[in-house]
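Let's start with one chain on its own, the form predicted alone, as structure tokens.
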Amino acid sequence: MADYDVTQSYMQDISLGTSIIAVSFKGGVVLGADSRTSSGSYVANRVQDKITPLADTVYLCRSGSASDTQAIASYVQYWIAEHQAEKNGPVDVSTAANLAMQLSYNNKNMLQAGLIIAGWDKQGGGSVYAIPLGGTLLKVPYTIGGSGSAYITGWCDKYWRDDFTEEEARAFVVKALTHAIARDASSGGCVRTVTITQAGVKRDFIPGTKLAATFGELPTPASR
């Protein structure tokens, strides 16, 4: 039997693996993501922050190649800063989404990036845009992405509502990510959420030990 080369398990491109989600509600949006970053079967980072600010009230959820999505975020942040300086005002969510779409679409053969852009502005209120692999831009009431999304598509379709309150939207995001983490080996760690409304931005962090156990999982042992 050939010797096993341990480097094969982690000497690969860093991938976010991931489960990401964004949901709109009356008055704003909630974004959420897990925190596992993998390189092959090796977990390179178990507390990666996959929700990146593009502007004060516009945020980006990243899935795919970590380096690709970080580069996209950096370019779009720069362009938005220029746009806001010229406009002398905050960027619209649709403008931020179109900037990210142009970069993703024009380089679709060289990038592995699935993006969700969501935020709040005076013109559109809370809005969510999905940019899957290939660079298509879709305005949607909610969207999910990453490897974990395949495990929760049916659950999200069943339990999503268009009349969520802020608290209900956040609970929906946390529960969806909890199920994705339980089922998808490339998702894990903790859950981060970002709630964006006219009042501002609120970040929340839920450690993996505080996530409710799903069917078939053993509960987290009580600390002594």
Partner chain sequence: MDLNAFGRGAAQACSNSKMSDAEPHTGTTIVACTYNGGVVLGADGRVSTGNYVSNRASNKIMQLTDNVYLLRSGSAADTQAIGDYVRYFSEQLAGELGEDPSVQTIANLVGTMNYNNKNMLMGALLVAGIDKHSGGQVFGVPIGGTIVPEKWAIDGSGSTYIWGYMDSAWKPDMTREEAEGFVTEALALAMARDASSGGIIRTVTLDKDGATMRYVGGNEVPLFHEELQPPAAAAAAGTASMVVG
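Numbering follows the first chain given and starts at 1. Bear in mind the structure is a predicted one, so any value in this text is a computation, not a measurement.
Unshown form predicted together with the partner chain; subsequent notes refer to it.
- Of the candidate stretches 53 to 61, 193 to 201, 161 to 169, 22 to 30, only 161 to 169 has residues with heavy atoms within 4.5 Å of the partner chain in the predicted complex.
- Exactly one listed residue, out of Leu133, Leu138, Ala81, Ala150, brings a non-hydrogen atom to within 4.5 Å of the partner chain in the predicted complex: Ala150.
- In the predicted complex, the partner chain sits beyond 4.5 Å of every heavy atom of Tyr129.
- Remark: Tyr142 counts among the residues lining the partner chain in the predicted complex, judged by a heavy atom distance of 4.5 Å or less.
- Along 174 to 195, a non-hydrogen atom within 4.5 Å of the partner chain in the predicted complex is carried by Lys175, His179, Arg183, in order along the sequence.
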